[in-house]
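First, one chain by itself in structure tokens, the form predicted on its own.
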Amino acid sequence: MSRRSDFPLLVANPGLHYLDSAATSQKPSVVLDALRNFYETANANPHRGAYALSVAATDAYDGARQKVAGFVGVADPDCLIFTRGTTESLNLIATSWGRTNLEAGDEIIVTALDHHANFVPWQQLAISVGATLRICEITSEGRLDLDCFAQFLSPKTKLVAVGHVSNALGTINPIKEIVAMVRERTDAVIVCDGAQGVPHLRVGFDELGVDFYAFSGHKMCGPMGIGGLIGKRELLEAMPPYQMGGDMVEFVYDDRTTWNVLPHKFEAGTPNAADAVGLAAAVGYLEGIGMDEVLRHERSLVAEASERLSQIEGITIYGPPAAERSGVVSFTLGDVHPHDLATILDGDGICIRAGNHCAQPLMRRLDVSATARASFYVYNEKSDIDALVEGVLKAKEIFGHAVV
């Protein structure tokens, strides 16, 4: 399955091998068309005007919420809050729920696999309120150490933050198993970073059992600047607003203000209606492929890339077996710095990510400063693997003294 022809940027650049979809995905024509169509036919401020154009904008925005909510498996669309993306969603929880509910002596569990966006907010929250941060370790294959996790759970545990899929290794965490462990031992709130989950897996929030789930649109063929936070209604209704402004209020008196209902309470100001419409178009595009097929296609590419790269002397591949990962291959080439490797590859039109992938705690546990990461999506094909392998071999020849 190759969908390259659906993506204008890739069509316009036939020699480009884009292997950085874990950072951001390319956008199909249907998403670009949806954005343009909104601005050409329905551009007005939603929820504010009684005139027909504003009603059209409102209908488009509300319809987008319904579409996206169905895709992520939340039956109550009002429990889907549109945000700028995963990072804002997680900070919203840390600020609104965390500062209201956590205090000195409480414990927060995060993991050594987590992206900084699902690590630093909880670290800083713990520091500010006097809570204790527990970091669940990983196994030698880059999986969560569930024995370590179980040992940390106690009546003091008030919040558990875990990623659905590791952006650096592609590890898919057993969220339902983790939820069962937490529910058996504590009444902690469970936060799931789904930035790498929603683009690659079939996600059903209502079935998953977590309390909050955050995701970004730009990693799933949608526009940058739009994403979502899904939360259980009872938690969202009890939380104070994250930002103040228009549309999130009910009544404003001289001495007090009351808040609007969900989801408006957490969507202050003019909403990002066009990008919400674009995200709904991205959802439609992925539904047309089928999420099971998305994952199957990615894993077939990851398996072949892993096998071929592993045959190159000096290559080390990190993470669990390809059959247990999403579309990520993270590797190093001897003592060649990943930035140097990425520069050589870029000269041949091969785009990979090099660095710590916003996961410095993980890099320390892998005992590396950085890795090279090739990440695959629906538009990638065997020719991209061919180019990657040829590029790595070229780099190996250039930096031969550094490859042991």
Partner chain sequence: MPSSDRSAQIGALYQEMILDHYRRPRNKGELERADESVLMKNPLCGDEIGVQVRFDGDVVSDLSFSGRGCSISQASASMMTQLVKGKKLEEVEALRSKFRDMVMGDAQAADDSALGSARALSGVCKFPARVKCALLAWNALETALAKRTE
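Note that the structure is a prediction, hence the values are computed from the model and not measured. Residue numbers count along the first chain shown, from 1.
One more form of this protein should be noted, the form predicted together with the partner chain, which is absent from this view; the next part is about it.
Thinking of T95, L125 and D247 as one candidate spot, does the partner chain come within 4.5 Å of a heavy atom in every one of them in the predicted bound form?
Zero of three within 4.5 Å in the predicted bound form.
I344: heavy atom within 4.5 Å of the partner chain in the predicted bound form?
Within the cut-off, so yes.
Would you check, heavy atoms only and a 4.5 Å threshold, whether Q360 touches the partner chain in the predicted bound form?
It does: once the partner chain is placed as it appears in the predicted bound form, Q360 has a heavy atom within 4.5 Å of it.
Is there a heavy atom of G355 no more than 4.5 Å from a heavy atom of the partner chain in the predicted bound form?
Taking the distances in the predicted bound form, the answer for G355 is yes, it comes within 4.5 Å of the partner chain.
Whether G349 contacts the partner chain in the predicted bound form should be assessed with a 4.5 Å heavy atom distance threshold; does it?
Residue-level check for G349: yes, a contact with the partner chain.
Which of 366-374, 41-49, 59-67, 27-35 lines the interface with the partner chain in the predicted bound form (heavy atom within 4.5 Å):
Only one stretch passes the 4.5 Å heavy-atom test: 366-374.
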